[in-house]
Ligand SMILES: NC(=O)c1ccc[n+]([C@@H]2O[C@H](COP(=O)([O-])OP(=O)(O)OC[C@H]3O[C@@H](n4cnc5c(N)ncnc54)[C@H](OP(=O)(O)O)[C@@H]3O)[C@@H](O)[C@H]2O)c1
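Given next, in structure tokens, is a single chain: the form predicted on its own.
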């Protein structure tokens, strides 16, 4: 069976581990949880300025004692800082909070329709060319936004980090990202727990001797060029979310899980910043 090292996705020079540790809303012991995740074997840590966890993530990285170049660290610039000067200040603030000289991946967290993409994508590229990040990408971009971003960004985009799980179809986005040689990074990979009670997931989990979450995450990363950044609040669950590499779902199991897309449930849809999402036609 494949090892975790086999699940490293390559896009435009970036090498992203397919499973990352998400740090949104870590209400207790966040630095300890980050250090524990690294000790367990995570090498991909996902944070954002908006999460308010960057400082704790940095503490966890330092406490782990890991060599910096063994980690893939992602952070994001919020839509309030879409103007170039604000964007660059946000990146520098993030690096100070993290205690790092650079991040491995910098994302535009949400699209900002009030600022031209040329300005924001230009600032993103400037951050890379200034050595503040090794790679760049976007998050929560629709199909049209992705096409524009790829067209105007002076540097290649590595990923679009979006909501993706078995209850939400993203077929058109997957096809678009494939055309551009990009990775889909999935947040809310178990639909904020809704999938953990699904009977189809439960049957497959029982047959495999795995947990519901492990089945959901394995379904994601078994798809080409898909990564996932699950969050966990206990070390047992952190370990569980990485224990995905001693089994593979069959074609039939993948098909059964994919059929759940008909539920078409979106979890993350904040009215103050969400774009008008693409509508998927489900076969």
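All values reported here derive from a predicted model rather than from experimental measurement. Positions refer to the first chain, counted from 1.
This next part talks about the form predicted in complex with the ligand, which is not shown.
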Next item on the list: Verify the flagged residues 187, 233 and 237 against the ligand in the model of the complex: is each one within 4.5 Å by a non-hydrogen atom?
Entry: yes
Checklist line | Partner-contacting position among 37, 257, 229, 221 - heavy atom within 4.5 Å of the ligand in the model of the complex | finding: 229
Note to self: Just to be sure I understand the contacts: of 98, 204, 173, 191, which is the one whose heavy atoms reach within 4.5 angstroms of the ligand in the model of the complex?
What the structure shows: 191
Margin query: Looking at 148-156, 124-132, 104-112, 83-91, which stretch has residues with any non-hydrogen atom within 4.5 Å of the ligand in the model of the complex?
Written below: 104-112
Notebook entry, point to check: With a 4.5 Å heavy atom cut-off, would you call residue 161 a contact of the ligand in the model of the complex?
Noted result: yes
Next item on the list: Could you confirm whether residue 274 comes within 4.5 Å of the ligand in the model of the complex, counting heavy atoms only?
Entry: no
Item checked: Any non-hydrogen atom of residue 22 within 4.5 angstroms of the ligand in the model of the complex -> yes
Notebook entry, point to check: Can residue 143 be called a contact residue for the ligand in the model of the complex at 4.5 Å between heavy atoms?
Noted result: no
Next item on the list: Would you give me the residues of 59-81 that have any heavy atom within 4.5 Å of the ligand in the model of the complex, in order from first to last?
Entry: 76
